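One chain follows as structure tokens, the form predicted on its own.
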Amino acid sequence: MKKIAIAGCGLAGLATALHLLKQSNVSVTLFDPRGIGGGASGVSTGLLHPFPGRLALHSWQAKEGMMSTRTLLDEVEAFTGRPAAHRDGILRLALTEQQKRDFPKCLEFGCEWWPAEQVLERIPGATAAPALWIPEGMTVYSKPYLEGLWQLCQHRGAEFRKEAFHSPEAFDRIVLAMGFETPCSFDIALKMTRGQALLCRWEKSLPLTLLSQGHLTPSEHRFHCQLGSTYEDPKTPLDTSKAFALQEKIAAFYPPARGFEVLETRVGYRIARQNGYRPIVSQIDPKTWVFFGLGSRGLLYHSLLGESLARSLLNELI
């Protein structure tokens, strides 16, 4: 039996581990000193849809990424018996003239364009604005999902060590999936972003996720919601007042957000390519691979690319 070590227990590491463990000829040991989902993956507000980004462009391999993630969500929910996502769609309100020009370009991918009257009929407290309805969009409950992925890995025989990775000589292959802490020496320009989000209490839950310049997502607790997110230079001092400013930002398209009770501020650090957004999956020496740089598209790509990486590893070992 071949031994594989995975450093990092966020979306990338856990998805890769689970896809590997679907084969019977490997053992997987996961390492992370922060625990399961202790990094940026664990504080994600959970947005999952094919049109991330300011211009709402259809992402590379979006159909395949959505399908692969949905399959893992189904597996987690079947195994744990608990919901891992809110699957009732995402409504992306167009507040600016630029958004009103860009969003309708998504209609060819099965989305709908709702006039302001239809938005208000569905979400009475929202700002009167047209919106892009993304029926396949969903909000993943990050913590329950990550814990469910680990439970599936454990069920299939994985071992977890709450410590930094060491002793590479003890393993046949190594995957470094440590987010912004992943060591690399690629000739690729990278950027790191600090993001803050708010966990809030709302009086009445919404039937779907709202997105515009900022987003409002449900959580696994029906009385709690999440407001996200900031995009900050991590070299600057952490200023939590920027997180609290999210309430006013969200209130631009859902005014009741001003009255939400703030329960917690969450902070995460993401790394991505300086130009473009495709994650980095690459072999850096004969036995070591890296899988990182997912940026804000971790939920869209972690399963799809984790499965591809698992196939590459298994082919090498075979």
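All values reported here derive from a predicted model rather than from experimental measurement. The first residue of the sequence shown is number 1, and the count goes up from there.
Only in words, not in the display: the form predicted together with a small molecule, which the text now covers.
The partner is absent here; in the predicted complex, the one residue of Arg34, Arg258, His58, Lys63 having a heavy atom within 4.5 Å of the small molecule is Arg34. Of the candidates Asp88, Glu159, Glu181, Asp239, Glu181 is the one whose heavy atoms come within 4.5 Å of the small molecule in the predicted complex; the others do not. Among heavy atoms of Ala94, none comes within 4.5 Å of the small molecule in the predicted complex. When the small molecule is considered in the predicted complex, Thr209 lies well away from it, no heavy atom lying within 4.5 Å. At least one heavy atom of Gly10 is located within 4.5 Å of the small molecule in the predicted complex. Mapping the unseen interface onto this chain, Leu299 counts among the residues with a heavy atom inside 4.5 Å of the small molecule in the predicted complex. Using a 4.5 angstroms heavy atom cutoff to the small molecule in the predicted complex, all of Gly38, Glu163 and Gln196 count as contacting. Contact annotation: the small molecule lies within 4.5 Å of heavy atoms from the stretch 263 to 271 in the predicted complex, the single such stretch among 263 to 271, 248 to 256, 65 to 73, 282 to 290.
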